[in-house]
Structures are given as structure tokens and as C-alpha cells.
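Structure 1 and structure 2 below are the same protein chain in two forms, each given by itself as C-alpha cells.
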Structure 1
């Protein structure tokens, strides 16, 4: 009986469930995420200082932007609000457009919220660009005695020594925070394994896709991660925390998408329950007819 349902009807139901909150522009307050709270607290504690810079690795492309993009947006927005200079870079080739667009959009958003203030490229952030080589790139960073000489130029071809956001960064100890966002298997391991030295490890926040949440929790438990954004739900709660701290903040899409996702989960749970009930009843009636 349950096998008689055309799978396209199920697709249609899921499609309707997901698109309804998006069409109605309806969102509900996201659930509290403890790991996202820890991530928020790590950035909230950061204090800008001479030479100090945060590193933000946007290791995602269009394939996981649905989750990683919102995570990166809220993190970068928070760093900008704290006036902590940061450098974006990536080990993933398809991330290149996001290295340009994500910080710029966050700056535009903040400049709209605070008309008298400015967030500028070079002063508030730099784009180091895409680096091939995976772990080879990462393990070279803690070894260098001069980050400016190590990277030399940004993605636009500017000398880093001319950009105030990065000009005084020297060693790993000048990296105030490492944020990494990816859905790629093995990418996150590069940072866990090599973005550290014998006497210093920057506070490390990771944004993962939903698939890798169970795996990422292991690193939270062992203390290798200081904060974790779990899929879109983590980003939505982070966004909520930012709105609580800055009430004039314009609403973003993270909460709306999270609402759509929640509705889809309810539909799937409903279908699983219905499917099992129908299969159970079908099994019983077949057993009855055999008897």
C-alpha cells in the first residue's frame, strides 16, 4: 500500500512545505544552539590590537553555500562590528567569488545601518585569495616569522605592507581568531592538524554543513574547537544573537531559511510516520489474510 505512493507526490509535498515560508516571508525565532553561543562568545571577546588580525577561511563553493554562506556572513559581520581586522582566504578554488562578495556585502550592510561610519577594504579587511596546496599552505603559516612577507600581496595585487589591516601582522600569535567554513571532507582537518604551534593555537571557530555535524562535535568535545556553527540552524541562532545585541540590525535571510527547513523536517517526519503506519497495517492485513 505504502509502495503505491508516487515519489513525485512526496517531492511535491516537500517542495510546497519548503517554499511556503519563503513566499510568505515568514520566520520564527530559531532554537538556541549551545555551540553557536560559544562561537559568538569567542568573537565577542576579541579586542582589536596593533598587528592583530583574524583569519577567515571561506572553503566553500556554490555546492554548500546554502549553509556555509550564512555562517560566513554572520561571522564576518560580527568581526566588522567589533572592528577586528581580518583576512579572508580559501583553499577551495570555487570559493573565489565569495572572498570578494561576502565581506563587501557585510560592509555595505553595516554602512547602511551606521550612516556616519565606514568599513573599507585594506583598513578593515584584506582578501588573500585562493591558495592551492591544501595542508602545505596551512602548515607554512605557523612557521613564518613575518606574515606580511610570507603572503606578500593580496588578491588584488596590493602589497600587504601597504594595507593597515595586515601591515603589522607577524607571527601566528598575531592571529587573534581562526574561522573556517566548509562542507568538504578533509578540508577542516588541514586546520586542526597544522594551524597551531607548540605554544599557541588561535581560538578556532568552525562552520560545518549539516552532514558533518556529528563529526564536528568530536572536535568540540576534545576542545580542539572553541565554537561551532551547525548548518543553517547555527547561522540562524548566531543571527538572532546579533539582532539581540544590535536591535537596529536589518533582518537577514538565515532565520527565514531556517524556518523553511524546520517545516520540511516536519513534513519528512510526518511522511516517515505515515509510511511506517501504512506498512505496519499492510503487514498485519497480509498476515491476517494468510491465516
Structure 2
């Protein structure tokens, strides 16, 4: 059609909109997310205690890392800042690299911010690895009387009884918090149904992809979820809350990615408007020529 925008120009504009904030390390303040505020408040209230450990399930792979990865990063950073030891694990085999990289990168960031302090594997976190049992693994956790004996070893082959972060964990009541991040259909349901007992449910925070937000709200309304990170926007607001609390904190990627996404949406809206204007003018021109 005469006057149509070359698609290569469209691709280039969207690429620039997405990449420029990351390249320039630029971000704008994200919109406040009430459900992310609740998530933040849950972790902010946690206090380390003997035997207490948080569980963080990274049930995502490369397919949803654009949202789930940043959610996991800010959550793990917050747990480290609170000095609450935690265990990472996954029911999804493609998550294994993230079980290693996400906690270590968070520890490196904090040690750069606080040169005199250390965050160490085994003391501040452990990696339980990938569990192929799915819901059977989750179902077994509330039933055990000794979490150390139940899991026995970490992903590195260390005995959990020798790792301070996990050595005194015994029952479900020693799990101070459960965080779960996924974009996989049905994965989140495993934790809602089975990660609880008759007399105790750990505070539960969930990170979902944008497409599953409506489903997750049901669990927020019912009280089964205590906090929710809604896609990259939830991670960006959580990152902003951390920056407000810790002004010396280095800028992370969550807010920059969120900014890029917002700019890209504006570019697409602009292109839609321009495309319709060009189509309208072309139609008028063709009608005039026929007359």
C-alpha cells in the first residue's frame, strides 16, 4: 500500500526503545504496585532465628526469565539484606543454572556495596537443586519431621547437616517464608495445594508472568497468597522499594527493563496511529482518483 511504513523501520524503532534504557542505564520511577508492596512487607518483617530458613522456588527457564528472573533477583537480594538464610530449588529442570547464578550475583552486589561484609554459600544460602518429583516433592515437605534428613545433600553434594544455613531446619514451621516464581501452567498450584499443614502455612509470595496475573489475583483475594509480583512491573516496583530503603544500592536491571518496555509500548501506539493516518489518507487519495 502506498505510504506504508517499512517494517524494518518499525523493528528498528522497537529495538531502540527496548535497548536504549539498558545501554544508557536509564530508568524512570515505576508505578506503585500494591501487591508488590505486600510482598515487600512480608520479607521486611522476617527476622533470622535458629533453625529458620526461607524456601525460594525458581520454577522458570529461559522462556520466562524476562519477568521471573528479575522477580527472583529482588526477592533474594532482600532476604540477603535481612540476613535470613534461604534454600533455592526448582521443579523445572531448565532452572538449574539460575539456582547457581541468581544468589551468587546478589551476594556479589551486596559485597560490592558493603566491602566489609560477606555473604557466603552454606552460611547465607544453599542450593537444593532440581527435584524431578514435581508435586510429590512439595507434598512431602510438610510431612517430614526432619528437613535435613529429608533432603540430605545439597546440589554440590555437601551434607546439609554441615551447612549452617540449613543445619537446624526440622519441620514446616521452620520455613519462615516461601517464594515461588514461574510462568509454567499448573506449577504454582502445586504449592498452593501442598505446601501447608493443618496448623501452619508459611507466608507465601508468588512471582508470575503478565499473562497469568488475573489467575493469581484469585489467590490474593482468598488469602492463600500474602504478596504478588506482577510481571516485570512488580519486580521494578520492588526494586524501587529496595532503593528507597537502601539509597546506596546500585541500580539493577529491573527498572531499566520496565522503562524500556514502557517506551516500546508508546512507540507501538505511535506507529499504530501513524499507520492508520497513512491508510486513511491513502484511501481518500484512491477514492478521489476513481472519482
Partner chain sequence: MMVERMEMLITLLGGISTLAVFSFLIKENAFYRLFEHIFIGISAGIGLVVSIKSFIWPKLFAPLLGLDIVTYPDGTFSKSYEPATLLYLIPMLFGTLFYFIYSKRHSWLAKLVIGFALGASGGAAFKGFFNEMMPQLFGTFKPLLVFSGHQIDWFESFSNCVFIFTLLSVMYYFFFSIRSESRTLGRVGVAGRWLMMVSFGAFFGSTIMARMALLVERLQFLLDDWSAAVAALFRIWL
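Rigid core (definition): largest C-alpha set, two forms, superposition within 1.5 Å. Positions refer to the first chain, counted from 1. The model shown is predicted, which means the values in this text are computed figures rather than measured ones.
Only structure 2 of the pair represents the form predicted on its own.
In the core-superposed comparison between structures 1 and 2, the C-alpha atom of residue 264 has shifted by at least 2 angstroms.
Rotation of the smaller rigid part against the larger between structures 1 and 2, from C-alpha superpositions: 17 degrees.
After superposing on the rigid core, the C-alpha of residue 26 is displaced by 2.8 Å between structures 1 and 2.
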